[in-house]
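The form predicted alone is given below as one chain in structure tokens.
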Amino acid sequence: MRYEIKEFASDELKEKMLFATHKSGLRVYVFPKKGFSKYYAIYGTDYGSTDREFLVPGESEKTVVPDGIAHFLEHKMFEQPDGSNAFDSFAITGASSNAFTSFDMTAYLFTCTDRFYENLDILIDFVNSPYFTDENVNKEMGIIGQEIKMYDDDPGWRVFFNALRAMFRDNPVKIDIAGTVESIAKINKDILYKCYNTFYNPGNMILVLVGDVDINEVMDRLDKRMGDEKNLGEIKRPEVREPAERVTEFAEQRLVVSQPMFNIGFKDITPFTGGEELAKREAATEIILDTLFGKSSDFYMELYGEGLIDSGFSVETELEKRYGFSLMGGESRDPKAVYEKIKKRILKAQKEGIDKSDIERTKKVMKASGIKLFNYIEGMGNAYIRMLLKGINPLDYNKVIDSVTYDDIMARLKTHFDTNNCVLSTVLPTESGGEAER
């Protein structure tokens, strides 16, 4: 079967993206890199830990599932009916493979320098062939239960999720991706198959390939391995009505750490959306964070000089279709002093504005980083599948950055960075050096 291949090109980046939709509904994107000896493939579904409630196409009653099931499902996908493991198949071909679950996506990936199409066959086959039994599900509960307990004692993980819980009251983004030991105990093979059949239908998935790849060869191989019977249609998710106000300003936990850790969080209270509108909001937020608090800012150098932060201080924003937040964090001898100084800096910028030359400098740095990404195929694949799932064309992101005006930035600064609605999450050293507090 011959497919319509659409080409998107960027004269500025001197890069292109090829796109085709398989008969099953699977969207395929190829970023051709002629002459590259390395290949990267990432096969993702629009399904993550926040998908706790949904309406299966054709059903009238909503389905509610245990927390952690998307992550549990990811773990189980590698197991094959003959007792083998997909990791073993990749090892034979010399490929390196992995998978991950986030709040809104599950993805399976590999990198290789040889036998690319053979590895692609392995990827497609195992993701499209679930194998769940009562026995292997029960076995996995113990493995994931240990993983959950490990993260319970991980200070970086705890300071992050404590910040989310301080920000969000109802949005499931506040719930640990792996769930809890109690929640995963409710998972069985029937629930796994229902989630798989709902979210792993090709119409809900994206395949991104980077390297010296022939998209026609890819489509031919997909024809041999995929039909069109799984293209179920739109999966409806209930809208989360998250209040604008934070849950609590301060969240504190004591664990075995040598230096206090902190996250300062701002939750996104704007209506959920996707495409160019979301891309523009994301770009404006990144410009603000990098200009005011990035490592080349006067603010960063001042706090670094005072010994309040170290080189591990970082800023980030995560804006998706169903949630959003920005975080600043790291280690500090006095997190509350950092918190107060950050609020003071924001209030000053809201009142006096941001130097336009600093904004333009930040834009140039962001665009340069985007161009450099094209030399790193794993980074391309991981970044671009997220953009594509949000309805954003990766080749247009530099244009989006250029389109963000000074007024856009100031409006975003005043709405998103509300100093009366931010949170401070800290993990402090245990006072006695003994057991951590829960």
Partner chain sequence: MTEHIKSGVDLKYIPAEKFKTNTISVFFNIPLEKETITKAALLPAVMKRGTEKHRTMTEISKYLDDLYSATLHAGIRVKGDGEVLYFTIEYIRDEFIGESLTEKIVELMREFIFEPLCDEGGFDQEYLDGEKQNLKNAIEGLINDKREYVEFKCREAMFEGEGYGMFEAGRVEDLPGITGGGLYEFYKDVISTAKTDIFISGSFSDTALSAVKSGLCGAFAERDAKYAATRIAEGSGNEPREIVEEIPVVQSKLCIGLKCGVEPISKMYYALMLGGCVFGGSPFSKLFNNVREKLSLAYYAASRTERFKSTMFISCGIETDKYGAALDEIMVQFDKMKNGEIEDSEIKNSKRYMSGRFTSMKDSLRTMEDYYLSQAIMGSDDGIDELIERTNAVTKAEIVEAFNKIEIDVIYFLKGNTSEGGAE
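Residue numbers count along the first chain shown, from 1. Think of the rigid core as the biggest set of C-alphas that the two forms share within 1.5 Å after superposition. Everything numeric in this text was worked out from a predicted model, so none of it was measured.
One more form of this protein exists, namely the form predicted together with the partner chain; it is left out here, but the text below deals with it.
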{"property": "Of Arg225, Lys364, Lys336, Lys356, the one that lies within 4.5 Å of the partner chain in the model of the complex (heavy atoms)", "result": "Lys364"}
{"property": "Contact residue in the model of the complex, from Asn171, Ser297, Asn128, Thr317 (heavy atom within 4.5 Å of the partner chain)", "result": "Ser297"}
{"property": "Region of this chain that lies against the partner chain in the model of the complex, out of 50 to 58, 389 to 397, 370 to 378, 22 to 30 [heavy atom, 4.5 Å]", "result": "370 to 378"}
{"property": "4.5 Å heavy atom contact, Tyr196 to the partner chain in the model of the complex", "result": "no"}
{"property": "Exercise: Lys186 in contact with the partner chain in the model of the complex, heavy atom 4.5 Å", "result": "no"}
{"property": "Proximity of Glu140 to the partner chain in the model of the complex, heavy atoms at 4.5 Å", "result": "yes"}
{"property": "Close approach of Arg115 to the partner chain in the model of the complex, 4.5 Å, heavy atom", "result": "yes"}
{"property": "Members of 76 to 113 lying within 4.5 angstroms of the partner chain, judged by heavy atom, in the model of the complex", "result": "Asn85, Phe87, Asp88, Ala91, Ile92, Thr93, Gly94, Ala95, Ser96, Thr113"}
{"property": "Core-superposed C-alpha of Ala20 shifting 2 Å or more between this form and the one not shown", "result": "no"}
